[in-house]
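Given next, in structure tokens, is a single chain: the form predicted on its own.
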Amino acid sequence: MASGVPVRIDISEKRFGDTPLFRDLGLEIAGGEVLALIGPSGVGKSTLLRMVAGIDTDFDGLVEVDGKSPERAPVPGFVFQDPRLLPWETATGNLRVVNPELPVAEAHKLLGEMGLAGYEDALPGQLSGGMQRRVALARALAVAPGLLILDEPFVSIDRKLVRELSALLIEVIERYGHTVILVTHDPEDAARLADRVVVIEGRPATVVEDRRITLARSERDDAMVAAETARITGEGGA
């Protein structure tokens, strides 16, 4: 698997219609860093992810992934708000669709790491919602990414499942060392997973907070996560 790669974002302007979504927005993300991006609905978080992934190229400015334009950089792993699995493909088949050269044994190994040993030949309709999200994460890892992009991966699921998937993500982050950009509406997820939390607001969107979390993920107990969540939301002081 690839190690984490640096990401540079320097957007002069991105428009939807007459109103700029971004103007003079800059971020530098170090290789192996886990950055959580928080902001209100409609501020442009998912659009920014698509720009980093090379899906949206209609903007003025610069995005670089490991020193290359996103179109020339290796494909990132991308986990969407819903699993988006191909219903006619097995769990193994969904991984090999994004990487046809992935050996079946390696696909099975990835699924096993996601807690899906024994479900390699199951179709998405035979899996629970949480299991489908695990397959989606394995699929993102199947391209051996240096950059992992997570767009609201915990949306519309209960907190028990969020905790299970968060623990799984922590294992993935520590094992592979990817650079991770996580978009979330929930500051608790950022406090639990991120090395750095960036809050954007407004139209055009600007960075209103850029906070680092230095405590190791393995040492973040519920009390620490609650305190950091309060700081992110402005309820816990400086």
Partner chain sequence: MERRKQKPPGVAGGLEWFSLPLLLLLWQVLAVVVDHRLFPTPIEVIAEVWFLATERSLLADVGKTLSRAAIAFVIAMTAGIVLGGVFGRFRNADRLFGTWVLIGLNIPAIVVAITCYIWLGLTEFALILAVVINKAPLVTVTMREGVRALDHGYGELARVYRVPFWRRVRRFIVPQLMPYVLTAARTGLSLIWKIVLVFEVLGSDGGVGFRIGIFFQNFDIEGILAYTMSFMAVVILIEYLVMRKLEAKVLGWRPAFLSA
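Here the structure is a predicted model, which means the values were calculated and not measured. Residue numbers count along the first chain shown, from 1.
The following text describes the form predicted together with the partner chain, which does not appear among the structures shown.
Chemist: In the predicted bound form, does every one of F78, G93 and R139 come within 4.5 Å of the partner chain, counting any heavy atom?
Modeler: Answer is yes for this spot.
Chemist: To test your reading of this chain, name the stretch in 30-38, 198-206, 63-71, 175-183 whose heavy atoms come within 4.5 Å of the partner chain in the predicted bound form.
Modeler: Comparing against the partner chain in the predicted bound form, the contact stretch is 63-71.
Chemist: R84 versus the partner chain, in the predicted bound form: is there a non-hydrogen atom within 4.5 Å?
Modeler: R84: yes, in contact with the partner chain in the predicted bound form.
Chemist: Should E89 be counted as a contact of the partner chain in the predicted bound form, where contact means heavy atoms within 4.5 Å?
Modeler: Flag for E89 set to yes.
Chemist: Consider R211 of the chain shown here, and say whether it contacts the partner chain in the predicted bound form, taking contact as heavy atoms within 4.5 Å.
Modeler: Flag for R211 set to no.
Chemist: Should S128 be classed as touching the partner chain in the predicted bound form when contacts are defined as heavy atoms within 4.5 Å?
Modeler: Yes, S128 is a contact residue.
Chemist: Looking at the partner chain in the predicted bound form, which residues in 142-173 have at least one heavy atom within 4.5 Å of it?
Modeler: Heavy-atom contacts to the partner chain in the predicted bound form: only V143.
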